[in-house]
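Just the one chain here, laid out as structure tokens, in the form predicted alone.
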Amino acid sequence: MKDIELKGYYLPTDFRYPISEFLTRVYRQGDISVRLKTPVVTPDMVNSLLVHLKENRDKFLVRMPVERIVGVLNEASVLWLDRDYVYRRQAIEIIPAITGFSSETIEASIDIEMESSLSDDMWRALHSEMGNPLYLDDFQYSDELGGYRRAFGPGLVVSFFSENIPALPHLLFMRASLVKAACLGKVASGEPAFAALYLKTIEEIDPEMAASMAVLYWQGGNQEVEDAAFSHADAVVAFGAVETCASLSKRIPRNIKTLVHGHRMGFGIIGKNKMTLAGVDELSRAVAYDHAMFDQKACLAPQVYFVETGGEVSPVEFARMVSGAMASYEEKMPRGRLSAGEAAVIHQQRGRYEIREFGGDDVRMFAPSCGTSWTVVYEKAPGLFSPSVLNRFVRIWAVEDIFQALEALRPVGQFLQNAAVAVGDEREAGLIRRLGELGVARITSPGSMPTPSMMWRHDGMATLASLLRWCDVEKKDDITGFKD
């Protein structure tokens, strides 16, 4: 068995605090054993660390041109896209043992996250959300204002990460850095490894920039530690379950900017004019990819695909084709391991569909001859939305009209996030308008659900602009020292 020891935390190299106690958690999968070391976090340690991060931010990060920051972040993404990069190889080796995701899924996740985090993506996001990114560096003349304006980021962002998308935590450090904020990331117990590896990359490229960043783990709900963090934070960004986010929100002081990304759900809608003999192969692979990536555990993943009847290919035949594509994805990107409880839920749900199918209901189930690696079920849309059991459990619901999907989704409108739409006729624009009104934050095409760009306003929020404070100068006379 190969034993790997790893730090599940990151502290600035110039942070001098006497950490006297550490915990080591051990994870095993196959012939890999991972020993993850983390310090025992105390309120005093958090107080000392956050004062230090803010001092480094004022000393280094605030003075950095945004162009330099983008350059560092771009270089980090390029390194992580290199198949031979040491930290990438390490992540692909150890994170499966910790999370249960397959190594192929971890690799695909890294590619997705880093390919959308290159310099062009960052510049587009900055221009989209604030107009002129140079507002972050100094006062700039604004034609709209007829004066000068500047954007100021928070001094410190405290971020709470989730565990459902490996490689996602880098995005929070990117956003904080782009608005020149120090950042402390609290990793989730289910995926505590990636963030620290990413910050080691930043340190290698630009130690001064890394001096404003840190990663720690503590048991969620540790009120003394979290209150210490909130006492220094200017902004809090939290990812997690509804209950976790609600608990945090109650304890975050009202004067702190708070962005909460709780549980969200995705879905797809396909119109009859897209169900053609010529295009259905590609479409079935696209739908399968949406379910296979992240093992359907991400908020971006579809819970159900509504498929309209009346096309050249019926919804039930489409479900059969999706099952073939799911089998193919299982070969090249295997689903991760399940807990006994997760496997039991899948078996129970399969059993219900089998009983209905044997009883003569308009239901079909497609699944491998053994195991729970994937499941595809077809049925007439039941009228009310219900969550999927996930872990590559695909549901194809037949509707006579695409707009029937809206009534099924309306009760869960506040939880909707990501929708894949393929209608192919004049009804598409009307459907998209209705989905936006319903609460959907992102509308894309089948096969693109797991791959949002940095331009996406996450959960409908302008994630960079939401962190900013603005100063407008409306003096009409000339100001010495300002550049036009």
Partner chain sequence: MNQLSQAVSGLDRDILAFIEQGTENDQEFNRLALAAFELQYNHVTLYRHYCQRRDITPKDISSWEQIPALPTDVFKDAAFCLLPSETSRTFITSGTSNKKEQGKVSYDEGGLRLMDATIKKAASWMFFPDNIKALILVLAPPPEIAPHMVMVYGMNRLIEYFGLSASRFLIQKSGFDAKALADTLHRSIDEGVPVAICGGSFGFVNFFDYCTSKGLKFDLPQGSRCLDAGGFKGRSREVGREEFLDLCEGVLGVHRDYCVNLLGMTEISSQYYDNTLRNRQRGIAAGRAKVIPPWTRVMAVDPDTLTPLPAGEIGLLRHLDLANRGHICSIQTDDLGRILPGGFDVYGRARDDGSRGCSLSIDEMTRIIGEAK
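Fair warning: this is a prediction, and the values are worked out from it, not measured in the lab. Residue numbers count along the first chain shown, from 1.
Unshown form predicted together with the partner chain; subsequent notes refer to it.
For the three marked residues, 123, 158 and 217, no heavy atom of any sits within 4.5 Å of the partner chain in the predicted bound form.
Only one segment in the set 87-95, 206-214, 109-117, 344-352 has residues whose heavy atoms sit within 4.5 Å of the partner chain in the predicted bound form; it is 344-352. Though the partner is left out of this view, residue 371 does reach within 4.5 Å of the partner chain in the predicted bound form, counting heavy atoms only. Using a 4.5 Å cutoff between non-hydrogen atoms, residue 391 counts as a contact of the partner chain in the predicted bound form. The closest heavy atom approach of residue 359 to the partner chain in the predicted bound form falls within 4.5 Å. Residue contact with the partner chain in the predicted bound form: residue 387 places a heavy atom within 4.5 Å of it. Contact with the partner chain in the predicted bound form, judged by any heavy atom within 4.5 Å, is made by just one of 145, 81, 246, 327: 246. The partner is absent here, but in the predicted bound form a heavy atom of 415, alone among 27, 456, 60, 415, sits within 4.5 Å of the partner chain. In sequence order, 335, 339 are the residues of 321-339 having a heavy atom within 4.5 Å of the partner chain in the predicted bound form; the partner itself is omitted from this view.
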